[in-house]
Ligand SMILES: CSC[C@@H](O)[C@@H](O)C(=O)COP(=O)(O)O
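The chain below stands alone and is given as structure tokens, in the form predicted alone.
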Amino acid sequence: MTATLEQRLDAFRRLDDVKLTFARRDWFPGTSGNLSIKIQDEPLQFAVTASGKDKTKLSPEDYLVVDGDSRPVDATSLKPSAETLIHAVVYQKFPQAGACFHVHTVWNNLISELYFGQRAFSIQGQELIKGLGIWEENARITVPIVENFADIPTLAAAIEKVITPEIPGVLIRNHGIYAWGGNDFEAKRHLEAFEFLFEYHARWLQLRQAVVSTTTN
């Protein structure tokens, strides 16, 4: 059974909203990044951004629907984003996920490189951790980081090994972040929380270094 026209158009409309919101924050440099919203589970089908499109603009050919193997469900000249397979991995591993967003920012790239040696980035006691749905007192989160493999199946397999239900995101070294949620609203909230935490920590490191330099001179 394939998704109905109404389901597709609804997913495309919601992707438009998310795309323009992120574009205003300059989270899609050089047409990078990709977004998806799940339409149905059985069989798996989701709407995903088409490859090579300017994500600061809207057009009738911004999205297409693909299956669990990342293949278009209809004949089309559009190509899904190169990393569509990663979205499929998220939906297959976490059936409760309803949307998955991927962006490239300076802050997530810096954090992914700084902490790649540990294969994870950890932060504790920051208020925006609650944006990930984690409400414990003085909560600590650990976001996994994988190597930026050029071969997408290899990258997808590496991501599948490290992602967990507790942390709705994964960093790719010097590349970007994938974040997901039960729907597009939740996935957006998770991504915004991650990006705040990355920027906060990177700026804190800068400030700490500046203070150390001042006190030792």
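Each residue number is its position in the shown sequence, starting from 1. Keep in mind that what you see is a predicted model, and the values were worked out from it rather than measured.
Same protein, other form: the form predicted together with the named molecule, not shown, and the subject of what follows.
A single residue from the set Pro165, Pro43, Gly30, Pro153 has any heavy atom within 4.5 angstroms of the named molecule in the predicted bound form; that residue is Gly30. Of the stretches 107-115, 82-90, 68-76, 134-142, only 82-90 has residues with a heavy atom within 4.5 Å of the named molecule in the predicted bound form. With a 4.5 Å cutoff on heavy atoms, Lys188 does not count as touching the named molecule in the predicted bound form; it lies far away. When contacts are judged by a 4.5 Å heavy atom cut-off, Asn174 does not count as touching the named molecule in the predicted bound form. Contact check for Asn183: every heavy atom lies farther than 4.5 Å from the named molecule in the predicted bound form. In the predicted bound form, the named molecule sits within 4.5 Å of a heavy atom of Ser51.
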